[in-house]
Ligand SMILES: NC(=O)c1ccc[n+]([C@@H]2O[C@H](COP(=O)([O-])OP(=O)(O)OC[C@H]3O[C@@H](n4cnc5c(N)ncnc54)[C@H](OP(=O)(O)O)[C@@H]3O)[C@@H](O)[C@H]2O)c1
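Take a look at this single chain in structure tokens; it is the form predicted alone.
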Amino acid sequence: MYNPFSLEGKTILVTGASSGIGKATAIECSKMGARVIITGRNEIRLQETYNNLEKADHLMIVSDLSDDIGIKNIISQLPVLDGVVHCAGITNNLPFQFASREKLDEIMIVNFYAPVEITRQAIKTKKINKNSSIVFISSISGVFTSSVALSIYSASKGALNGLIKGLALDMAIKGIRVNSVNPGVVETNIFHSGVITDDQLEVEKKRYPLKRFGQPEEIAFAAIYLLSDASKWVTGTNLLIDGGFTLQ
């Protein structure tokens, strides 16, 4: 059956695949026929993702993106790719006046430097095919909006989106497309960690016209669109998925 969103025959790298959006993206890509290469630093949780992948011949790489050794470990094991989805990321609610160089480095290394360096090294070592697709999971924060105590996180995501514009132009000659998905609040493990109360969540939900947060699978579907041949004429785009939050 004809399906322009199929990933059959494609090999896709998904970082941050041990939980949340990364886990959902890896699983949904496998359902669409892709061979999936998953990375994450938590071996137990990464194995859970691997066990949920459909079909076979996938690859799991346990590695920490916060240092160069971890990045080199990933690059050394990569096959030639047809797509990449950079899902790994961290956040830290920290008022700017209490920030430090250490905290700045912690967020920028994982959210900006790591995906940039993986992409750079993969391109340099010819591990990304022509006519491939690179997708960065970014945020509405730092691109369309921001919030109190999220200035550093916003900076990391804003930097990513600036990179995407330039990288899309640089890679166009190879037919490699570069885009981002910019979600609003998505229900992930942080909701069950006790960091945010139920009352706070209900107040935040009311700020969304659709009166709910996003689901990881909904962001994964957007990534699949950008990985697939259905988006062959899309590059340099920030795909906004926010339940209408930025309309207000």
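Only a predicted model underlies this, so the values are computations on that prediction, with no experimental measurement involved. Start at 1 and count along the sequence shown; that's the residue number.
The same protein has a further form, the form predicted together with the named molecule, not shown here; the description that follows concerns it.
Tell me which of 92 to 100, 75 to 83, 163 to 171, 130 to 138 has residues with heavy atoms within 4.5 angstroms of the named molecule in the predicted complex? Only one stretch passes the 4.5 Å heavy-atom test: 130 to 138.
Pick from Ile37, Val185, Leu53, Ala222: which has a non-hydrogen atom within 4.5 Å of the named molecule in the predicted complex? Looking at Ile37, Val185, Leu53, Ala222 one by one, just Val185 meets the 4.5 Å heavy-atom criterion.
With heavy atoms only and a cut-off of 4.5 Å, decide whether Leu13 touches the named molecule in the predicted complex. No - in the predicted complex, heavy atoms of Leu13 and the named molecule never come within 4.5 Å of each other.
Evaluate Asn42 for contact with the named molecule in the predicted complex, applying a 4.5 angstroms cut-off between non-hydrogen atoms, and reply yes or no. Within the cut-off, so yes.
Within a 4.5 Å heavy atom cut-off, is Asp64 in contact with the named molecule in the predicted complex? Asp64: yes, in contact with the named molecule in the predicted complex.
With a cut-off of 4.5 Å between heavy atoms, is Cys87 one of the residues that contacts the named molecule in the predicted complex? The answer is yes: Cys87 has a heavy atom within 4.5 Å of the named molecule.
Heavy atoms within 4.5 Å of the named molecule in the predicted complex is the criterion; list the residues of 218 to 247 that meet it. Nothing in this stretch is in contact.
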